[in-house]
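Okay, here we've got a single chain as structure tokens, the form predicted alone, with questions on binding and movement later.
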Amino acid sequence: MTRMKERLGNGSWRQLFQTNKAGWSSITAFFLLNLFLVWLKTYVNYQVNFRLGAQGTLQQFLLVLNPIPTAIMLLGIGLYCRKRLAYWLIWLLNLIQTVWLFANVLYYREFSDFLSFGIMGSGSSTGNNLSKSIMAIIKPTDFLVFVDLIVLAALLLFKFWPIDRQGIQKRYAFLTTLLGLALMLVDFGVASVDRSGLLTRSFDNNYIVKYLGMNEYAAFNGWQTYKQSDSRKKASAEDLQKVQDFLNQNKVPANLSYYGQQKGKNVMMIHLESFQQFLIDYKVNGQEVTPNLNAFYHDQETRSFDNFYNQVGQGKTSDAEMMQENSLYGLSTGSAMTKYGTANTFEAMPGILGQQGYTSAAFHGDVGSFWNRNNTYKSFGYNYFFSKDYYPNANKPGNNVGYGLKDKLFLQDSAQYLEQLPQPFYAKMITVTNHYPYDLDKQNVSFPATDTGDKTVDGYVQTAHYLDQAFGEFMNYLKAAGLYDNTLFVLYGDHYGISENHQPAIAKLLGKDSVNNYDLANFQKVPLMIHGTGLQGGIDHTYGGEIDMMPTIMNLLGVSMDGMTVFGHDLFSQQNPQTVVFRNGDWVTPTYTKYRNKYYDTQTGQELDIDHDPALKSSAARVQAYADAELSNSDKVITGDLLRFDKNRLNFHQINKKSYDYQKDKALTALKNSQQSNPTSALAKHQGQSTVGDYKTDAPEVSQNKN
């Protein structure tokens, strides 16, 4: 083979790609070949080994596009060099991207998520579990991603690929880099149109990869990890002491009349997705939207709170879970579970109750990686996490809507696992059907839509009614299985369902001509129902929010939280301050409401002028100072991982994340073995006779699946 007779890069872009007798051996050809191979490997694995959930032409287009920009920029680094170095540098950058792809293929197969720098650097349980099972999950076909590298290395080593010693002009290398950057911006722009808040909320790594790509995810995760590591390094035990000093100043005693009243009972948390307080007793055309939930709400052994608010920020559902499990607020931006759930230390209810003899389990009919649950739940101390992989029906066409398995199918299919949980158990059921955009297939619609003229809003009552039906079926099963009377039920709405962008529709739903900020503040109310045998029921007008759920439940169970870092207050306490703090710093008290820089009389809704109301001005200053300190201190706990310094807790020792493994085969084996080692489950109490057959549902998919 002869050497190239003319230098590339001495003319136009056309000259750059012009070939001659040995043109195929140019550095440009080598770069383009590697670019194609990196793209091909990535795209094929998108389709074969990852479940990214790309739907529609736009998302499929992004899957094709997103491997290209960073591959151009990375491989293009080699174009700045000359001679053999340029070729080997391009090969090395191909290798690096391939190793990253290969590692994620293996990790995803085990954990349905992508590798993070936090996981790789923390020696976490996930890393250990992966190393233990690497031989079990690897497939011979996985190594195909390295075939091109072997061939290209051989071509270079044995000089079958002639070397262009002159390379290309630096300006063309620079233009190549700019091309990669421009394509990256195009990708991000198109992705942002389809999924707003992609990087600020960062609720699922699958979304980052689907929209932006593997390499972009690595860069984003690296930046997140750096910020987390930096804030963690600067934190100290003194910071935690300052937080605890603040909490001790605002601590309230438990109500002795309720403390320990439900001791030793199972706890069933039922997460009512996007369910707002106004739905309780709400009627459309004279029909109750949620008759089963209404009856439960008014039950003589249910304490229902009608002044209970969601307090979520950008983390939405994950913020609600953070507050419900830990009495810690979500972050001002993004999701605390996504950013800090993997590596942080927590004092969460599943872990605390686990050390009191409880078995803990979370149930969710969507992928485990959503909101980083598959890692965060280990930090919380959950023994089991039954996610989409545990629900075969979730993989059948028509059984999913929005963010996972339809509620009727989800709750029915959860019975097989629930009946095996050793008692007492702490179980959380996360429903999803009543989620934006409130779209349900016709065969499941059995309730009239509202007529606000807003298509997004009008279907809300239909999905809420479906959720209510699913809840009714689930309660009937628990009674048949003998699990109802010995269980403390906690039902809560996680956040609003209808956003403030639909104010005309909100006004029609509320029977008003228009709504103001006071109405919108009240629209943030979500239900909280606590039901237990022997509990004094009724409608409780105490003001509170999701941050108060943990201390309320723990006191009912008689589990001490002495020395723990808890920002909420027991709703049963006679000294409860009844101050509800929103994530943006607004607040509500029984006297005053501050919402979007306007002040109102909480009881009448009258707008108040703070400049001409001394009592309001004084009260607002005091409450605002408390709200700001509350949010700031909670943020410090999370961003600084301050609970690792906590030595004051008396009845709880730090969670060992390595103890938890949510791989399906291992979890099901552990459940099976527990029937002998700890025969306290409903299944064991029925002498091994399953109660699943007692579950009755009218879900049309059930008969269709049987057929």
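A quick note: this is a predicted structure, and the numbers were derived from the prediction, not measured. Residue numbers here begin at 1 and follow the sequence given.
Below: the form predicted in complex with a small molecule, not depicted.
*Asks:* Does Glu273 make contact with the small molecule in the predicted bound form, using a 4.5 Å heavy atom cut-off?
*Replies:* Yes, contact at 4.5 Å.
*Asks:* Wondering, does Phe370 line up within 4.5 Å of the small molecule in the predicted bound form on heavy atoms?
*Replies:* Close contact exists here: in the predicted bound form, Phe370 approaches the small molecule to within 4.5 Å, heavy atoms only.
*Asks:* So in the predicted bound form, does Asp468 come within 4.5 Å of the small molecule, heavy atom to heavy atom?
*Replies:* Contact check for Asp468: no, nothing within 4.5 Å of the small molecule in the predicted bound form.
*Asks:* Taking heavy atoms only, is Phe220 within 4.5 angstroms of the small molecule in the predicted bound form?
*Replies:* Result no; Phe220 lies far from the small molecule in the predicted bound form.
*Asks:* Hey, with the small molecule in the predicted bound form, do Lys525, Phe582 and Arg596 all fall inside the 4.5 Å heavy atom range?
*Replies:* The answer is no; none of Lys525, Phe582 and Arg596 reaches the small molecule.
*Asks:* Just one of Lys316, Arg82, Arg109, Lys265 has a heavy atom within 4.5 angstroms of the small molecule in the predicted bound form, so which one?
*Replies:* The residue from Lys316, Arg82, Arg109, Lys265 that makes the contact is Lys316.
*Asks:* Which of Glu347, Asp164, Asp366, Glu216 has a heavy atom within 4.5 Å of the small molecule in the predicted bound form?
*Replies:* So the residue touching the small molecule in the predicted bound form, by this definition, is Asp366.
*Asks:* Using a 4.5 Å heavy atom cut-off, which stretch among 489-497, 256-264, 164-172, 417-425 contacts the small molecule in the predicted bound form?
*Replies:* Selected range: 489-497.
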